[in-house]
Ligand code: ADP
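There is one chain below, alone, in structure tokens, taken in the form predicted alone.
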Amino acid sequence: MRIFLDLKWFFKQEKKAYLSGVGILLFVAMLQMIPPKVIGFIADHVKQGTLTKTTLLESIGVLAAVGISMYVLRYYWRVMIFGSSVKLSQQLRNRLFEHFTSMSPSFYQKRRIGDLMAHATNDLSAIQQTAGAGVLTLVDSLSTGGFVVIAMAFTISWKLTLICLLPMPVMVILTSWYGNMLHKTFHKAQEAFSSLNDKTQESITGIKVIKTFGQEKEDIEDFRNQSEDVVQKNLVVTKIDSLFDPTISIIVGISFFLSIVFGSKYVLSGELTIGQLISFTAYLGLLIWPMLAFGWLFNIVERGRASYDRVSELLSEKIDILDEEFASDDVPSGDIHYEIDEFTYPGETTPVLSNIYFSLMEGETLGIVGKTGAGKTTLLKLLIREYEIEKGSIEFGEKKTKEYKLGKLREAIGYVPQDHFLFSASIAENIAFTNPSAGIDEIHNASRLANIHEDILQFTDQYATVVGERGVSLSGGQKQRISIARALMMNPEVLILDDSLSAVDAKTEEAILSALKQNREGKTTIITSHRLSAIQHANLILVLDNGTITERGTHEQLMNAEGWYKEMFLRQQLEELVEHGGH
């Protein structure tokens, strides 16, 4: 029952609703004691030949009043208890989502999306059941069972009650054992479901790759295997779950047998009337539900405990990037100074950046080039504080980046990453994502700067075109340019283009860069690219190799340096010349 202690914070928060619901539930349990007593009362009158029309009508009236009262009261306790459990699910779902949005990229490198989705769906449903049906079965089984036993013992026969309850300890021992087994197996079943979720999400996201390489049959077979694993693990849960009812039914059957055998003996000896025996067996019938509910309670509680442990483990993951205690609430602007002695990704031992020292004046353009894996993207992610710098710092304006509130720092930076993610919404909504209140003219202007406006007008629904999940209906170049337009809607102090022009041709690239230069005068731009023509106009160009700056300067200075930059630039110029037939 530890789960109820774990949820104490929520029960305290919703104590008014739960106390009202439990109070009504207890009153209903008391009302249930009346009908068996009335039935026994009528039976004795029938046996004695003293039943009158008035007595019968009064008894029927009492039964009707009790029935109607229970009907109404059961509606209200359901609203209070089950309604509160829905609030718990909502609060935990909101906490999970807020936690997800606060986590750094390293968290998502360890956790798969399908698993996170399973936590926010299946696990929360199991926890909701505990706070709803679990509370109901706990209170109802104890209250109804308690009132029934009291009524049997004090109003009919304590000796017969004691005899009929003799098998109960066996039921308690067995159901407790089943509950422990259920907790372990349900935890494994939930993990299997998370893996299946991962598989489904990954396969749907990568369906183009699967089809391109003709791996449909293999992928379907893999899915079937994982689906079968989920079925098998849930079958184990079901087999244990199915032990509760037969066990309880056998115990109840034994109790009924004892009540008939010994009850008949007491009737014959004159210790009980036939009406009292009828009332006793009716009460014993009422005891069936608390017993079944008790077994069901173990089922619900163990499922809820396993799920709550999984969710708690997720929520206990520490947030890597936090605001400093006295962080500035200003949006940064000004010069940028990098002074990084060394940077290593969390959990790794080999530095990915070392001896990074340079300054970028406000309004200038920085170009960063180098081989794949040289550290270009890492350099940019440190500026937007996706990771913390242990050895060194970055200054933006008059403060270090960590001295600004994270939200304010990122408000100053428009970042266009290599992986262009578009939402399953219209083109206009995707562009206006960073400024939802923007008018259509502002959206058009940003699109023109990103050289995507004319392409959009060619679509049937133009700016109202829904791009599909992750922009599946668009080409790579179109997605890149829409992403650039989205960043420009912020009018950021610093615009970062992280290899964001790789999917467009040289002419389109030149048009975009020219438009940015004219319209972002006085604002800083940082560009990483494998195509050196994209950064040759930059005020400062850095060449990275194995996380270290190997060359720096303007285009002219680097061309005179006879290094990697010049060699690569001339090679790309030659390749472009060959592509155009030597003209």
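Remember, it's a predicted structure, so these values are computed and weren't measured experimentally. Each residue number is its position in the shown sequence, starting from 1.
Below, we refer to the form predicted together with the named molecule, which is not included among the displayed structures.
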Contact with the named molecule in the model of the complex, heavy atom within 4.5 Å, among 264, 125, 249, 109 goes to 109
Heavy atom within 4.5 Å of the named molecule in the model of the complex, from candidates 240, 374, 291, 452, belongs to 374
Answer among 230-238, 457-465, 377-385, 185-193 for heavy atoms within 4.5 Å of the named molecule in the model of the complex: the stretch 377-385
In the model of the complex, do 41, 44 and 46 all put a heavy atom within 4.5 Å of the named molecule? no
How about residue 348: is it within 4.5 Å of the named molecule in the model of the complex, going by heavy atoms? yes
Query - Any non-hydrogen atom of residue 352 within 4.5 angstroms of the named molecule in the model of the complex - result: yes
